[in-house]
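There is one chain below, alone, in C-alpha cells, taken in the form predicted on its own.
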Amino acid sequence: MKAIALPALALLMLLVACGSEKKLEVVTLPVASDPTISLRLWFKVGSQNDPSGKEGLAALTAQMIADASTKKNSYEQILEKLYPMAAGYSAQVDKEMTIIMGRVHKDNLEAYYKLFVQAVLEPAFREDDFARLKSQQLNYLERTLRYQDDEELGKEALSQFIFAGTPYAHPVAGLIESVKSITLDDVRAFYRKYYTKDNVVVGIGGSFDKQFVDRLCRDLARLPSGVPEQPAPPEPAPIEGLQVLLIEKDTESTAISFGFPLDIVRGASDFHALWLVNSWLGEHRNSSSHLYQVIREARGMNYGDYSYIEAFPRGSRLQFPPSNVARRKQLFQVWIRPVRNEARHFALRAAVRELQKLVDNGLSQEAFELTAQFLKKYYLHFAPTTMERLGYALDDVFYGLDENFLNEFPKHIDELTLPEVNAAARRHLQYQNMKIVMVTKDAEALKKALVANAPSPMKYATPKPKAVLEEDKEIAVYRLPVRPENIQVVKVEEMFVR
C-alpha cells in the first residue's frame, strides 16, 4: 500500500484480498465533506481488444452492462428505481480502457449499490436490449458521424488515417459491417473474457467507509478469474511528407485536422514541457491559445482552433481534458474548426505555418512565463469533483506514476525553464511529416490546388488591420509540399466501412 499526500484529499492505492486468491487493486479517494459516493470500475479492455471483423464489440458489451437489463430488473425497472435517487451509472470505452461508473448520495447508497453491482455481475444480455443498443451504435456510425458532426468525423478520420493497420485504427464505435455482424453470443463471450476480477481496478471516492470498500471487493471477487492477453502498443507506419485525406461531402464549410504519432506520455521527462508548449499553441476551447488568436481573433475565420498532445475524444462537448482515455501511444493533433470552403486552403496554411514558427523559433520568454502562470491556475479546473479526481487517480495507475499527476502539476510547471521547453518542442514536434484530413465539398478542386501549391488569398467581409493583410500575403503562398500520390479523395459514404 502506498499513500500519496494531497493538500486536502488523501489518495490511497490499496490491494484488497476480498476473499479471492489474487488481491484486487483498489484506489480510494476519501472525502468526508462530499455527501456522495463515486464509483469507477476500470476494466483493462477497450476497442483495441475488438476481434477482427467485430470492431465495436467492446463498446457494445459495455453498453449491455451499463444501459440494459440485469437478471433482477428490466431496463425500464432500473430507470424507475434510479430516478428518485437522482442517480445513474454509465459506461465509457476508449482504446485501452473501459470504465463502468456512477455516483449517488450516501443516503441512497444501499438501494443504488444493489443496482450498480447487479449491472456488473448479473447483466441479463436480453435480445431486446441488444437490438436497441446495436441500432444506436449503427446509427451513430452511419448517420451521426458521417452527416451530423463534421468535426468529430474529421478527427475520427485522422485517428484512423494515422493508426491505420493497428488496433487503434477503427473508431471505438466500430465499423459499420463489423457492428452489423456482432451477435449476442459475441457479447457474452467478450464479457466472460475481459470482465474478470483479475482485470479490474476499483476506484471509490467520497464519504464511504471501510465496510463499503470491503463489501464492494467481496462482490467483485465473484467475477470469474482470468488475465486476458493484451495487444502490444500500436506502432503506426512512419509518415513521409504531407499525406492528405480529403473526404468529399456536400458541405458549406471545411473541417480540418492534422497531426502525427507522439511517443511521449505522462511520466516522461519532457511531458510537462510539451504540455506547456501545447497550451500556448492551442489550449482547448480557450481564447488564450496562439492558433485561436491568429485564425479566429485576428481574422474571424471560424469558432476555434486547438491542438493536443493527448487523446481528447468528444472535444466539441467538453471544456477540459477527459480522464480515463489513457493510451500507450498518443498523437499530436491540430483541430481547425470549420471554415468557409473558400478559406480552407488558407486556413490549413496558416495553421501549419504557426506550427513551423513554433518548432523553428520556440516560445519567447514572455510567452513562456505567461503560459506557465496561466497553467498553474487553469489546471485547477481539470477535475473539480471527487468523481473527476478519481478518474485522474486511475490514470495515474495506468501510466505507472509514483506521484499524483494533478497535485504535482504546478510543481513541474514551476521547475521548467524556457530552454527546456523549446528543446522539448524541437524533439517532439515537427511540421514536415504529417497526415491531414479535410472534410469538404469539391475535394478534387482542393486536391489540384494543393498539388499545384496554388496561392490562396483571403477575402474578408469586414475590414482588417494592415498588419493582418500584410501577413496574409505571406500565408497565401506559404508552401505546403504535397505530392499528388499522397492525396486520397474518398466519399463520406465510404468512411467507417471495412
Partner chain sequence: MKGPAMCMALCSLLAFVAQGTAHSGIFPYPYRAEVLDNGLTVIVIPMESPGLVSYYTVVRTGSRDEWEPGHTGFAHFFEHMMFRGTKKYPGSVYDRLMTEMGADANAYTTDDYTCYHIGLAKSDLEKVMELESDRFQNLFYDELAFKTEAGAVHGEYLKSLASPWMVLEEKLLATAFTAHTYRHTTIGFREDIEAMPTMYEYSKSFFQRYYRPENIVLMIVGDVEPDATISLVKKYYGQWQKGYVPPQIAPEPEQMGERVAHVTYKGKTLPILTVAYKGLAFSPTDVDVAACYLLGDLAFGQTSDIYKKLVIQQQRVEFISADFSANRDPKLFVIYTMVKDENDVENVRDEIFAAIAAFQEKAVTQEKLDTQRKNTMYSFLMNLDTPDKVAGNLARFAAMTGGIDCVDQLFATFERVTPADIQRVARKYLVSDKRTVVTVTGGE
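Treat the numbers as computed from the prediction; the structure is a model and nothing was measured. Numbering follows the first chain given and starts at 1.
One more form of this protein, predicted together with its partner chain, exists but is not displayed; see below.
The three marked residues, 269, 398 and 486, fail to reach its partner chain in the predicted complex, with no heavy atom of any inside 4.5 Å.
A heavy atom within 4.5 Å of its partner chain in the predicted complex is found for exactly one of 302, 178, 243, 404: 302. Residue in contact with its partner chain in the predicted complex (any heavy atom within 4.5 Å), chosen from 122, 186, 420, 80: 80. In the predicted complex, at least one heavy atom of residue 374 sits within 4.5 Å of a heavy atom of its partner chain. Its partner chain in the predicted complex comes within 4.5 Å of no heavy atom belonging to residue 330. None of the heavy atoms of residue 63 is located within 4.5 Å of its partner chain in the predicted complex.
Within 4.5 Å of some heavy atom of its partner chain in the predicted complex lies at least one heavy atom of residue 104. Just one listed stretch, out of 406-414, 191-199, 124-132, 232-240, contacts its partner chain in the predicted complex at the 4.5 Å heavy atom level, and that stretch is 124-132. In sequence order, 285, 286, 287, 288 are the residues of 260-291 having a heavy atom within 4.5 Å of its partner chain in the predicted complex; the partner itself is omitted from this view.
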